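This document opens with one chain alone, in structure tokens, the form predicted on its own.
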Amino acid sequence: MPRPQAEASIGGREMTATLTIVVASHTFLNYPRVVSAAGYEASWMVPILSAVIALVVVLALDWLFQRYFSDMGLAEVFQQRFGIPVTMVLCVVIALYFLAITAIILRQFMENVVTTVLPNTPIYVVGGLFIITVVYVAFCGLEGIGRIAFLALPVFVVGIISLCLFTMNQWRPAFLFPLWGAGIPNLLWGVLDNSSIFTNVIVLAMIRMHIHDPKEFRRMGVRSTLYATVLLVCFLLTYHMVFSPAETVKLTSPMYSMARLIHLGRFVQRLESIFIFMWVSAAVVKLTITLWCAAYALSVGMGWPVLRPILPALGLLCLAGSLLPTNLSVVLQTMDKLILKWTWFIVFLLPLLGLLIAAMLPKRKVV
């Protein structure tokens, strides 16, 4: 049976841009509040230490791919070495993970839009417009996603840097001390609990065979991790210099809260509406690639020759799932206690252990 989206191909720069946005877009979500609760003044160290874990996994995966599976991606390795039943189970697990984070992040963006810029708009209208856009871009394939990400990344980077610099008159560097914040043990626990934001690892492993040159796997993984980490650290440093430690653990929309404080004279203030464009662009890229990966995992696991027909159904499923939580508090608790805390197993261990075990098994005949 032919591989789904077999003709899809994406360049190294486009893939790096996509993976960078996938991770760095957490600056707009609940991540700054969660790491602030773990490390307080030292929360900016959390993404650095988490990135070290991600880089180690990327290098290990690259070695395994180069040595044993030079022309395959993660799902294809499962298919070749584990057989159809096991591949189906593993791909469904990966697809459910991508669908879950798509739904929960979609709800967070919906809540942020409704509470900040469109308070009189029904939340399902905002979600419907979001998911229609996401499904359309995903339907365009990897090439379309990569080109949009490549165009959106400069806007995203300029936006983050501008947001940090425009709040300069609000900086209070004393808020960054004591250096270790809540203490080294709490900081390390925060790293373990929140390292799963580096979704670029499993996304890159899934899409590897669709890269123009699969040998660029390591370069793209390392660069996207480093770029995203720099953006996260810059934002967290500024966030903690603007707000006191007691405030940082309470704000559910850090980016919007910081943007509202911009005041550089009479004509440079209330610029939060400008940052909404950056916010929405990053959301579309992140949700699109996670939805595409979910469809791709299901296509390989179930042996379907194409994936585009299931994209609208998966988009509708994500929208329905995003509306299940009764309020924002339930959404944030789900993200904190389940998505961020436990999905490191799927992001890091599943591809790593999967490749290690697959390397020891003989090649199976794929029907």
Partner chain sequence: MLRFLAAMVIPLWVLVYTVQFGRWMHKKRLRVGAWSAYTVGAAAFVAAGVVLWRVCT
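Keep in mind that what you see is a predicted model, and the values were worked out from it rather than measured. Residue numbers count along the first chain shown, from 1.
Not on display, but discussed next: the form predicted in complex with the partner chain.
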Non-hydrogen atoms within 4.5 angstroms of the partner chain in the predicted bound form: do 119, 137 and 269 all have one?
no
Look at the stretches 27-35, 50-58, 66-74, 303-311 and give the one with heavy atoms within 4.5 Å of the partner chain in the predicted bound form.
303-311
One residue of 189, 180, 171, 124 in contact with the partner chain, assessed in the predicted bound form (non-hydrogen atom, 4.5 angstroms):
124
Pick from 95, 88, 234, 278: which residue has any heavy atom within 4.5 angstroms of the partner chain in the predicted bound form?
88
According to a 4.5 angstroms non-hydrogen atom cut-off, is residue 330 in contact with the partner chain in the predicted bound form?
no
Can you tell me whether residue 338 touches the partner chain? I mean in the predicted bound form, with a 4.5 angstroms heavy atom cut-off.
no
